[in-house]
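The chain that follows stands alone, in the form predicted alone, written as structure tokens.
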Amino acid sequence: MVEPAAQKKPKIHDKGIEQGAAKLTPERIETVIRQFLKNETGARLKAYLETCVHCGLCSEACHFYLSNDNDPSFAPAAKVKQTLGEIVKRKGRVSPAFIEKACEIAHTECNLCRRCAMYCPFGIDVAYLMLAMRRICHLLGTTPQYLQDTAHSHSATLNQMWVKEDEWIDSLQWQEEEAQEEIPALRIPLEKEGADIFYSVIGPEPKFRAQLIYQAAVIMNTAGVDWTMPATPGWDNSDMCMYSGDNEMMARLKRAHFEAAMRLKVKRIVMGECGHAFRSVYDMGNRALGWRMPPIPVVHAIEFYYELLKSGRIRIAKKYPTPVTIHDPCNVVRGRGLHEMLRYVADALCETVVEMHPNREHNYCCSAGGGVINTGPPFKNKRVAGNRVKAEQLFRVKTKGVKTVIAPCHNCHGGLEDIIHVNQLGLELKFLGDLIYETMEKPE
């Protein structure tokens, strides 16, 4: 049964979850779960579930727990106990109503940020367990509607925004023409074989944030980078299927991405400022395809900008004068250890950097990652309320004069925008690319 504390939470309606659960029978649930546990899990899942002693040390690490007045049902260990733990204990004999509630917990009450794993004395990876629960939900057809819609876009177009092939090329040529008004010789090289850099972005950039492609082109041109972008599917490095539990589609997306880079015979992939996309090519999608590490070296934009600034290929004309703070994205800081490179870049670009506390690998998640923001409007208020501690962090640095937040991740921008708006904090959000473009020396 679902834990009593979890039953007190207000009901949020989602067609994907509710209509999927309505089609289930106890027999189908048991069959699917038993097959999953037998064929897709092993000692790791068993060890995590049996090792947890419910000591509660993970609780204080979770922004959902802290932001919901220390409600014990939001503690990471409790979320596992209410979902996967109960499923394993009962050998898959759970009801459709149980699956419906477990789906909401796994998809909207955990960002898979892995902060709790840092404080667990046994190193239990709750994110892995919640992904296993999401995988069960996917196999049972009970994924939140908005997240499943994004996965459908991935499956149909190999990008999350349903951008057609000709629209992708048109977007690049449009940004090239815009940038040529500033730098006449600038090009966005398409399908250039043997380039040093394959620059990849996520679907929302050509759809909603085309200025980021413009800025990247100016940075590449100014630094004299030998680069290219593909004209074919495989350009989008985002991957919401990784978070919906659709492992088959996740692998297909990463295969298309890696094959586009290999076809162009590039030396390495540089990814734009997105944390979940980096996780998908550096940690999960590659492993789903049988590679321990990606077949072509992959670096995040933080690493790339660090290289350009440290080597002097990008020079700063005048530092950004407004006091800034740094938000550490989970997947590139806790997950990749880029916190000091991020600070090197921020210090090189800005006059005044004020740290949030806690920071670096101890910083709180934006509450949008892990696919949670992609569950859409039904869960927006729950998501924002679930990160009151991040709003408090931002308020404290604002009292110290901070006006701008640096967040080198798209999902972080989405989550922080909502937190800033709802809490009326009046802070501005910037990507590193925004700041480099504003402060760098450009060709005459």
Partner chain sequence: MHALYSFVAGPLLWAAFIVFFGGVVYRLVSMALLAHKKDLVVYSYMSLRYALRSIMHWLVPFGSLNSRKRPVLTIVTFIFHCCIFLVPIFLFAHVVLWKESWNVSWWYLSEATGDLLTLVVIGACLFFLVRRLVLPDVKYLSSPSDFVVLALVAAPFITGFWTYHQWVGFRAMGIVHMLSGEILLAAIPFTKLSHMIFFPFMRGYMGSEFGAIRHARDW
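Worth saying up front: this structure is predicted, and the values here are computed from it rather than measured. Residue numbers count along the first chain shown, from 1.
Not on display, but discussed next: the form predicted in complex with the partner chain.
A.B. asks: Have a look at L49, A385, V32, V389 for me and say which one sits with a heavy atom within 4.5 Å of the partner chain in the predicted complex.
C.D. replies: After the contact test, the surviving option is L49.
A.B. asks: Quick check on this chain: which one of T228, Q148, Q82, N221 has a heavy atom within 4.5 Å of the partner chain in the predicted complex?
C.D. replies: None of the others qualify; the residue that does is Q82.
A.B. asks: Among the candidate stretches 56 to 64, 408 to 416, 392 to 400, 374 to 382, which one is within 4.5 Å of the partner chain in the predicted complex when only heavy atoms are counted?
C.D. replies: Of the options, only 56 to 64 has residues within 4.5 Å of the partner.
A.B. asks: So in the predicted complex, does P72 come within 4.5 Å of the partner chain, heavy atom to heavy atom?
C.D. replies: Residue-level check for P72: yes, a contact with the partner chain.
A.B. asks: Please run the contact check for H138 against the partner chain in the predicted complex: heavy atoms, 4.5 angstroms, yes or no?
C.D. replies: Looking in the predicted complex, residue contacts with the partner chain do not include H138, since no heavy atom lies within 4.5 Å.
A.B. asks: Hey, in the predicted complex, does Y344 get a heavy atom within 4.5 angstroms of the partner chain?
C.D. replies: It does not: once the partner chain is placed as it appears in the predicted complex, Y344 has no heavy atom within 4.5 Å of it.
A.B. asks: Heavy atom to heavy atom, is Y119 within 4.5 Å of the partner chain in the predicted complex?
C.D. replies: Looking in the predicted complex, residue contacts with the partner chain include Y119, since a heavy atom lies within 4.5 Å.
A.B. asks: Could you list which residues of 271 to 307 come within 4.5 Å of the partner chain in the predicted complex, counting heavy atoms only?
C.D. replies: Residues within 4.5 Å: Y282, D283, R287, W291, R292, M293.
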